[in-house]
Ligand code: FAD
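Quick heads-up: it's one chain on its own, the form predicted on its own, in C-alpha cells.
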C-alpha cells in the first residue's frame, strides 16, 4: 500500500526546473502501486498526474492532486530468427534502452539516440528524429486504465500513431506500463539498410570515421546522432528546457509555394500525401528569436526551436507567454500556426491553449 507524501516540490521532476508543489506525491514501482494510487485518488476525490522523465511538460501551478513518478524499469530481451524483441517497462530511461539495443547489435532505434525521457512516453508522443519514428519498431503496448483499473494490450496499429500523436492523446486516463519493440537482429546490411535520409547524419559519420556512410554500423549512427544532438541542443541538466517546444507544422503544397515566393530558402520536406512539413525552427529563426532572453526565459542561441529557462525562479506561465509571442509572430509573418509540443498542466490537470 502506498503512502503518498504531502506538499512535495516538483522542481527536480521537470526539466524546466519549475518549482511548483504536488499536494500528494508517490513513486510507482510496480503495477500494484498503480492500483493503490487509483484507490487513493478515488477516496480523496482528487486528480492525478503521472510524470516520467519530466522532459515534455510545462507546470503552471501547484498541482492539487496526486503526482506519481514512474519507476517501473525492467527490461526483457528475446532473440528470434527474424530479429531481437525487447519488452521495456515504461520507467526505463529511453536512451539507456537505445544504448542497450545498439550494444547487442540490434538496429532500429539508433537514430533515436539521446532523446530525453522514459520509454512510456515513446508511443504516446510517437517520438521521432532523423527520419525514424517509434512506430517503425513498435509491436504492442500494455496499458492500465486509471478510470476503471483494467489492464489491456494494444497493437501498434491500434495505437493510432501519427506525427507526435497517438490514441493516448485522446485517452489521457490510459497509462502506458510496458512497451514491446521488434528490432533488427544483426548489424545493418543491404536488406536492413541504415536510415540516412537526413544528410547531416551521413556527413557526420563520414567526418567522424573517414569512411563512406553507406556502410555505417548502428554504433556509428548512434555516435553521429549523439554528436549532432549535443552540438545543437542544450542539456537540460545544465540549461533547463523541454527540447523542441513546437511541432513542425504541416501545410499544403499551395501554402508552401506561397511562402517560398518571399522566402526561397524555406526549409520544407515533402510528405507522401503531397503536403509539406516545414521546419518550425527555421521559421522562428528568420524572425530573429534565436538567442532572445528576457525576464528569465529565452530561446536557445543554437536552436530556435528550444525555449530555455535562464532565470532561477521561472514560472510555467512565463514560459508560455514567450511561446505565445513566438506563435503570434510566426502566424503574422507566414500565416502558419505553430502547435506547442510539450503537455501543459495547471492545478487540476492538463489543459490546451486555444
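Numbering follows the first chain given and starts at 1. No experiment lies behind these values; they were computed from the predicted model shown.
Another form exists, predicted together with ligand FAD; not displayed. Remarks below refer to it.
Enquirer: Quick check on residue 345: any heavy atom within 4.5 Å of ligand FAD in the model of the complex?
Expert: Flag for residue 345 set to yes.
Enquirer: Please tell me whether any heavy atom belonging to residue 106 falls inside 4.5 Å of a heavy atom of ligand FAD, as the geometry stands in the model of the complex.
Expert: Result no; residue 106 lies far from ligand FAD in the model of the complex.
Enquirer: If you check in the model of the complex, is residue 50 within 4.5 Å of ligand FAD, heavy atoms only?
Expert: It does: once ligand FAD is placed as it appears in the model of the complex, residue 50 has a heavy atom within 4.5 Å of it.
Enquirer: Would residue 129 sit within 4.5 Å of ligand FAD in the model of the complex, counting heavy atoms only?
Expert: Yes - in the model of the complex, heavy atoms of residue 129 and ligand FAD come within 4.5 Å of each other.
Enquirer: Given that ligand FAD is left out here, which of 242, 159, 98, 138 has a heavy atom within 4.5 Å of it in the model of the complex?
Expert: Of the listed residues, the single hit is 242.
Enquirer: Pick from 284, 102, 121, 183: which has a non-hydrogen atom within 4.5 Å of ligand FAD in the model of the complex?
Expert: Checked against the cut-off, the match is 121.
Enquirer: Can you pick the stretch from 255-263, 234-242, 216-224, 80-88 whose heavy atoms fall within 4.5 Å of ligand FAD in the model of the complex?
Expert: Single hit among the candidates: 234-242.
Enquirer: Any chance 27, 73 and 145 all have a heavy atom within 4.5 Å of ligand FAD in the model of the complex?
Expert: The answer is no; none of 27, 73 and 145 reaches ligand FAD.
Enquirer: Pick out the residues of 151-184 whose heavy atoms come within 4.5 Å of ligand FAD in the model of the complex.
Expert: In sequence order, 164, 174, 175, 176 come within 4.5 Å of the partner.
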